[in-house]
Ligand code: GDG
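What follows is one chain in C-alpha cells, specifically the form predicted alone.
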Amino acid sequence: MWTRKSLQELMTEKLANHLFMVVSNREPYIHTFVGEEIKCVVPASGLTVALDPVMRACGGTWIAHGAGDADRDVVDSASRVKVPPEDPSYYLKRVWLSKEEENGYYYGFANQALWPLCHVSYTRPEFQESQWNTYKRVNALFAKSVLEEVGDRNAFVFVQDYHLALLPRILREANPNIITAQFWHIPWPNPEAFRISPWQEEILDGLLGNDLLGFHIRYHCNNFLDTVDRAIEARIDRDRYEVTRKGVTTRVHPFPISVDFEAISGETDSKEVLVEIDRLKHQWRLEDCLLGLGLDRIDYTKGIPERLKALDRFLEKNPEYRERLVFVQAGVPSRVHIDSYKILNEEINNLVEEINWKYESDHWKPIIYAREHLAPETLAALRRMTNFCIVSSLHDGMNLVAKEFVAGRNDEDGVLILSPFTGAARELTDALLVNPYAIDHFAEAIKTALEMPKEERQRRMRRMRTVVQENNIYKWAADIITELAKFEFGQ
C-alpha cells in the first residue's frame, strides 16, 4: 500500500540528485483579498487536488499561472512562495500572464480548440490563428520560467495537461539534460477527430519532446499512437509503446490517476463534518428525505442536463418518490466567458426551474442547485449523507469525483451511478453503469440505486473502496517516478 511516507522514501532513493518540478496552468493555492486581509484558498480543480499530496510528499517546485488578485503580494523576487501555508512543504513559482494572454491561451486555444477536440461531446472546436499564436507564446513563457528555476541542476520536470502541449519540445531543445514527463488528464481522441486541427503536427511534435507521456487508460495511448502514425513522420514501436522522432524516444504509458484515499476517508467522520451534516439537514430540510448527489465543475462534458432529464423521467414514472427524494446538484461555474458554457449554464438553470415547478409542493422541491465553491467539510458531508451519487460524464479522462465519493463512504454504504464513458468505469466495476444519453435507462438506474438491498450496496462499496485504497494517488505518482528514474539510468 503506497503512502506519503513510502513515496518520500522512493523519491529519496530515485531522485535524490534531481530537482523535482511540476508545471501546470492551474495553481494549487490562490491568494486573494478578502477585505483588506489576504486569504489562501484551494481552487476547484481535480488536477491540483490530486497533485498537492504528491508535492507535499516530494517537495520541489510547482510552476503555475498566478491568477489570484493577491498572488503578487506574497511572492519573493523570484515569484515564489512556500505552500501550503499551514505546513510549507514545497515552492509555488508563479508565471504572470496579461489578460490578453490568458484570453488567447486559456479561454481561447486550450478551451475552445483542444478541450472540445479531445472530448466527444458534440461541441465544435474553434481554431483561430491569433489564439494559436498566443498559446505558443505562453508555452514559451512557461518554458522560460522552468529553465530559470532549473539553471544548471539535474531536473525531472512533470508537465500537466493540454494547456502546455508545446512545452516539452521547447525544454528539450533548450536543455537536453532535463528529463521530462507529461500527463494528459483528458481523453485523447481517435485520429479522425484529431486531424481537423490545423496544427496537429506542431502539437504532436511538442508532446514527443517528452521522455514519458502518460494517459489515464491504454485506449487513449492507442489513440495517440494511431494519431502519430497518421499525422507525422515518426517510428512507432507498438509492442513497447514507444515513438521515436528527431532521434528522441518517447514512452507512452497508461497511469490511472487517483485520490488520497486515507485523507478523504479520515475526514469523513470528523467533528466538523458531522456538524455540517446536521446543518445541511436543517437548512435544506433533508431530515426525512432520500438524497441524490451530483458534484461537478459546470462543464458540457459532465452530462448535467442528461442527469436532470433522467431525474425528471424518474419522478414522472415513480410518483411515490415525490416529496421523498431530493437531488443536490453542486458545482462551480467555469469558463463563463466562452459561449458554449454560457449556453450550458442557461440550459441547466432552465431545467432546474422547470423540474422544480413541475413537481414541487409547499415544503419540498426535488432539486437543490448549489452554484458555488463549497468548503471541504461541506463536500465531505454531502458525500457521507447521500443515498446515491451520479457521475454522468459524456466523455472523461478519469473522473476523480467518483473516487472521492467512494473514499468518503466509511460506512460502506451508498450507490455510485457511473457513466461508462469515464476512465473510472474501468476500475469501479461495482458501480451502476448507465449510458447518460439513454434517459429511460438512466431513470431506471436511479430507481435501482434507491431500492438496492443494503447488503448489496455494502458489498459493492467495499469492493470499490478496496480498489481506490490500493490504487491511490501515491501509487500513481510512484509508478510515474519509477518510470522516470529509468531514464536517468538508461533503462
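The first residue of the shown sequence is 1; numbering continues from there. Everything quoted here is computed from the prediction, not taken from an experiment.
Below, we refer to the form predicted together with this ligand, which is not included among the displayed structures.
Residues of just one listed stretch (95-103, 411-419, 367-375, 200-208) have heavy atoms within 4.5 Å of this ligand in the predicted complex: 367-375. When this ligand is considered in the predicted complex, only one residue from 312, 404, 276, 306 comes within 4.5 Å through any heavy atom, namely 404. Note on contacts: among 432, 439, 452, 44, the single residue with a heavy atom within 4.5 Å of this ligand in the predicted complex is 44.
Within 4.5 Å of this ligand in the predicted complex, a heavy atom is found for every one of 295, 332 and 397.
This ligand is not drawn, but in the predicted complex it has no heavy atom within 4.5 Å of residue 194.
The closest heavy atom approach of residue 359 to this ligand in the predicted complex falls outside 4.5 Å. Although the partner is absent here, residue 143 sits far enough away that none of its heavy atoms falls within 4.5 Å of this ligand in the predicted complex. Although the partner is absent here, residue 90 lies well away from this ligand in the predicted complex, with no heavy atom inside 4.5 Å. Applying a 4.5 Å heavy atom cutoff to this ligand in the predicted complex picks out 186 as the lone residue from 186-208.
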